[in-house]
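A lone chain, given as structure tokens: the form predicted on its own.
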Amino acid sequence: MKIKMPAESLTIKTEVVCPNDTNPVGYLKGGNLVQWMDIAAAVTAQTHTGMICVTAGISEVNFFAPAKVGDILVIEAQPTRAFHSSLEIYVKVALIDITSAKRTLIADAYFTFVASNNNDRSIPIAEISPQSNDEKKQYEQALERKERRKNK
């Protein structure tokens, strides 16, 4: 089975916060943001595996700052580690200040996806070969996160 680098499956998704995405005071609803993150993670999972993948879990969701109507968000999803048939994906969301092009991290989370065949059975997926120091750190910590999820 082929070994892939995390960057091969990187997904970058851009969203504009519209009025129907917000609560009554004009801030982005957390559920809408998580949905956008899940879509980016699904694209990453399916790009990495070359098959349909389903969300198996979301963990360590953090909201650091709000987004409001008109804000531009960049959602990046990249695999951290592949296990037998599951894949952990780190998703981070940055708000872009259009006047300065400065990006501010407003949310992040870890998503777990499982690759399945047409018979709804999990199947083995390609391993990940981390390249950068950050990718190597995420790769090592992914096993710890998996154990914590299992023990909950």
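The structure displayed is predicted, hence computed values, not measured ones. All residue numbers are counted from 1 along the displayed sequence.
If you look for the form predicted in complex with a small molecule, you will not find it shown, but the lines that follow are about it.
Undergrad: Which of these stretches, 111 to 119, 41 to 49, 61 to 69, 98 to 106, has heavy atoms within 4.5 Å of the small molecule in the predicted bound form?
TA: After filtering at 4.5 Å, what remains is 111 to 119.
Undergrad: With the small molecule left out of view, which of 94, 34, 56, 126 would have a heavy atom within 4.5 Å of it in the predicted bound form?
TA: So the residue touching the small molecule in the predicted bound form, by this definition, is 56.
Undergrad: Since only the chain is shown here, I'm wondering whether residue 83 would be in contact with the small molecule in the predicted bound form (any heavy atom pair within 4.5 Å).
TA: It does: once the small molecule is placed as it appears in the predicted bound form, residue 83 has a heavy atom within 4.5 Å of it.
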